[in-house]
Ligand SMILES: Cc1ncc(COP(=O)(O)O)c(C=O)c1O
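Heads up, the chain below is alone and in the form predicted on its own; it's given as structure tokens.
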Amino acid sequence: MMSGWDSEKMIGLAERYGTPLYVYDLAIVREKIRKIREHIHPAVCLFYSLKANPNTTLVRKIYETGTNLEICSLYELKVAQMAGCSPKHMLYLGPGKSRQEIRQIIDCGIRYVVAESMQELEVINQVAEETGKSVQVGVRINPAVAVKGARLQMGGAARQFGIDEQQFDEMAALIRRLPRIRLTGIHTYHGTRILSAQVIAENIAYILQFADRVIERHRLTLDYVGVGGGMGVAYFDGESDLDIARLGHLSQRSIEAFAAKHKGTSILMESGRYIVAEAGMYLAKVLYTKVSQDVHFAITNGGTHHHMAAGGMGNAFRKNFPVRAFVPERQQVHRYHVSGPLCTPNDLIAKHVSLPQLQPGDIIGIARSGAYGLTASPVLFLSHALPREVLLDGGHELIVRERDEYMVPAVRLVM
């Protein structure tokens, strides 16, 4: 899990830019995108989910590979615009869009707009009438079955997301009564952080079969079907990374059949975590070490306000991300609780992790931190500064976020 992160280089970055520090390696991002394109059927159109990491420069670099963008808020829309993304390459979804948000989406001309309830469809129609426009809308479907193997279930039960599969006929009848709306797409997302290629392939087949049935039953002409994604990354002991080649093989037949039958319908797939997670390292400096009731603590200047996922967010049982001490070889090893500077006992980014004996000034790295790191953390808790973010692009080091910059334009680019 730790290969590719040179100790000397990480120490040098920490010295040059200070800590806490997020480091992103663009070579890994590009390799992940290349693997998806190499192994997944070419009929699939890839979208990057900004929620995984919305750093503007990183988003721009991803968009420059030909990857489209999936956004879920007006803030993310602004990031996408600052990154140079065309509305023709944007997918916009979310269960709680305001009227202002819907108006801006319509005014912007976003190509793939996904509604998540029948009341939202009515509001979209009202706003469209106010603006004198007609709107092409997709609908998110909450599937009737839950996926096995997803670390976070997004469908298959009572959810705020989408319209239940069983309500599709009712929804289609409603759209026929709304003069400003044309149904152009179906979107489904079963779950996330799935490590089984078989499970993801079954999800894709299920969604495409459902789309085929409703196209036939309602005589629809759809521009797209979104099959979600959910491609996972192994973080914890006992987990294995997703076999993307196997996923491509297992999903080939269902995608091929749908694409051949519905030649004018694009197949959309999202990926956030898989593209950027392994490309990120969170660096923090040890400030103090101590022993409390026989437990060794390393207190660092980083913490859960910057990396709540490492602190156990979303996991019923506390597990450690891959942790590394970038220090010279030392014979003595201790099992540490690695904490941050916050005044809460919950500020632990690793527990009972075996590391070489630590000293003040040592650099700790939390690997696989490119996704849901800073973006999924309570950055205002105790009001510490944000960490810098640095992007490695070949031989260049780009500062892509300064401390206290909550939104940054993509200006520090090496062309």
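The first residue of the sequence shown is number 1, and the count goes up from there. Keep in mind the model is a prediction, meaning the values are calculated, not measured.
Not pictured, yet referred to below: the form predicted together with the named molecule.
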Name the stretch: of 325-333, 272-280, 162-170, 218-226, exactly one has residues whose heavy atoms fall within 4.5 Å of the named molecule in the model of the complex. 272-280
Verify the contact flag for Asn55: yes if a non-hydrogen atom of it lies within 4.5 Å of a non-hydrogen atom of the named molecule in the model of the complex, no if not. no
Can any non-hydrogen atom of Arg140 be found within 4.5 angstroms of the named molecule in the model of the complex? yes
How about Thr192: is it within 4.5 Å of the named molecule in the model of the complex, going by heavy atoms? yes
Given that the partner is absent here, does Glu70 sit within 4.5 Å of the named molecule in the model of the complex, heavy atoms only? yes
Could you work out which of Arg60, Lys51, Arg388, His41 is the residue within 4.5 angstroms of the named molecule in the model of the complex, going by heavy atoms? Lys51
Could you check which residue among Ile181, Ala201, Leu93, Leu342 gets a heavy atom within 4.5 Å of the named molecule in the model of the complex? Leu93
